[in-house]
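The data below hold one chain only, encoded as C-alpha cells and taken in the form predicted alone.
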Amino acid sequence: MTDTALRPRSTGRLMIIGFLSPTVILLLFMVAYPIFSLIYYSFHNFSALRPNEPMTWAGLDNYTYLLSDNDIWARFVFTGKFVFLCVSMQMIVGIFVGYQLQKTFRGRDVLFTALMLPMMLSPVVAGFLWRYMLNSEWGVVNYLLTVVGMDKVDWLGQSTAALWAAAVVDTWMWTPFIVLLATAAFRGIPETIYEAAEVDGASPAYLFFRITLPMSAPVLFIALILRLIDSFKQYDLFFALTGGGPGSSTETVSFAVAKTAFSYFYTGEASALAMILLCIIMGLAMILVRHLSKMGEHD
C-alpha cells in the first residue's frame, strides 16, 4: 500500500525534473557560463586578438588599474548623470501620462497605441534617427528653434547638450514602458476606494498622492528597478547618436567596456570593468528589491 502511494509521487517528481532540466541546462549555458568566464578573464592578462598566446595571472591588477584611471571614473560620473536624468524624466512623465490614460475617453486606445510606438524601435535605429534630427546645421530640431526666433544649438557637439539630448531620446523611447506599467497599476485600483474618498470631499490632489501613488507603488517601484538596470547598460543609443563624442565625453561605462574589448582587444581589462559594472547594478538592484520587500510587508 505504501509503495503504491509513493509511486505516483515519485513519478510526478521525475516528470517535473524532466520538464525543468532543459530550461535549467539552457540557463546554465547562457547565463552561468558567460558570468564565470567573465570572472575568470578579469583576473588574467588576455587578448581575444591573440587567442593562441597563454593567459597570464594578473590577480587584482586589472581592477586596481581601472579604479585608479581618471578616465574610467569620468565614464562612471557620466553614466550616473545619464541614469539620473533619464530615469527621473521617464518616471515623472510616465506616471503623469499613465494617470491621464487610465481615464476612459474617445480615442484613448488609438492614443495609447501611438504612444507605444517608440518603444518598438531598435535603440540603434532611434539613435540614428535623432542624430539626423539633432544635426546642428539642417536638423529639424534646430529648424524649429529658428522658426520661433531662437539660436541653433550644437546638440551633439557639446558635452552638456549631448548629455541632455541622449537623456531626451532615451526618455522618448522608454517612457511608454513606464506608461504601460503605470496605467495597468492605476486601473487595478478599485473604483469603490475613489468613490468613498470623493464622498468624504477628497480633492484630486489628495486622491493622487494619498490613494493612487501608494496603492500602485509596488508596480511603479518594479518599473524603476528595470529602468535603472537598463539605463546603466546603455550602449547602442550612444553608439548611434553621439559615437561617444565629442571626444569621449559621452562614453558610458558599457561603451568603455565595448571599446576596451573590441577596439583595443584588452579582454582582461574589459572583463574586469564589466564585473565592476555588474557589481554596481546588482548592489543597486538588491537595495531596491529589499526596499520593495519591506513595502510588501507593510501592506
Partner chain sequence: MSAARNKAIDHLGRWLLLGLLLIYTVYNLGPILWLMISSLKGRADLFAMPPTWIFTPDLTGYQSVFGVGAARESASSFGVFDSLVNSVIVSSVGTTLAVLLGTLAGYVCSRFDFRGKGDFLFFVLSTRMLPPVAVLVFYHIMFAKLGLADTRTGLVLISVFANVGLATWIMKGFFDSVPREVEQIAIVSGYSRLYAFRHLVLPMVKGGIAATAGFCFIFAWNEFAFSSILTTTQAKTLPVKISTASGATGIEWTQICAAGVVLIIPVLIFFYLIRKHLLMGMTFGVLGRS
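Quick caveat, the model's predicted, so the values are computed rather than measured. Residue numbers count along the first chain shown, from 1.
There is another form of this protein, the form predicted together with its partner chain, and it is not shown here; the text below is about that form.
Peer 1: With heavy atoms only and a cut-off of 4.5 Å, decide whether residue 151 touches its partner chain in the predicted complex.
Peer 2: It does not: once its partner chain is placed as it appears in the predicted complex, residue 151 has no heavy atom within 4.5 Å of it.
Peer 1: Though only this chain appears here, would residue 66 touch its partner chain in the predicted complex if you measure heavy atom gaps against 4.5 Å?
Peer 2: Because no heavy atom of residue 66 falls inside 4.5 Å of its partner chain in the predicted complex, the answer is no.
Peer 1: Even though its partner chain is not shown here, does residue 106 get within 4.5 Å of it in the predicted complex, heavy atoms only?
Peer 2: Residue 106: no, not in contact with its partner chain in the predicted complex.
Peer 1: Hey, in the predicted complex, is residue 119 touching its partner chain, heavy atoms inside 4.5 Å?
Peer 2: Close contact exists here: in the predicted complex, residue 119 approaches its partner chain to within 4.5 Å, heavy atoms only.
Peer 1: Taking 78, 162 and 224 as a possible spot, do all three reach its partner chain in the predicted complex with a heavy atom inside 4.5 Å?
Peer 2: No, because 78, 162 and 224 lack any heavy atom that approaches its partner chain to within 4.5 Å in the predicted complex.
Peer 1: Among 85, 91, 72, 180, which has any heavy atom within 4.5 Å of its partner chain in the predicted complex?
Peer 2: After the contact test, the surviving option is 180.
Peer 1: Can you name the residues of 121 to 139 that have a non-hydrogen atom within 4.5 angstroms of its partner chain in the predicted complex?
Peer 2: Contacts from 121 to 139: 121, 122, 123, 124, 125, 128, 129, 130, 131, 132, 133, 137, 138, 139.
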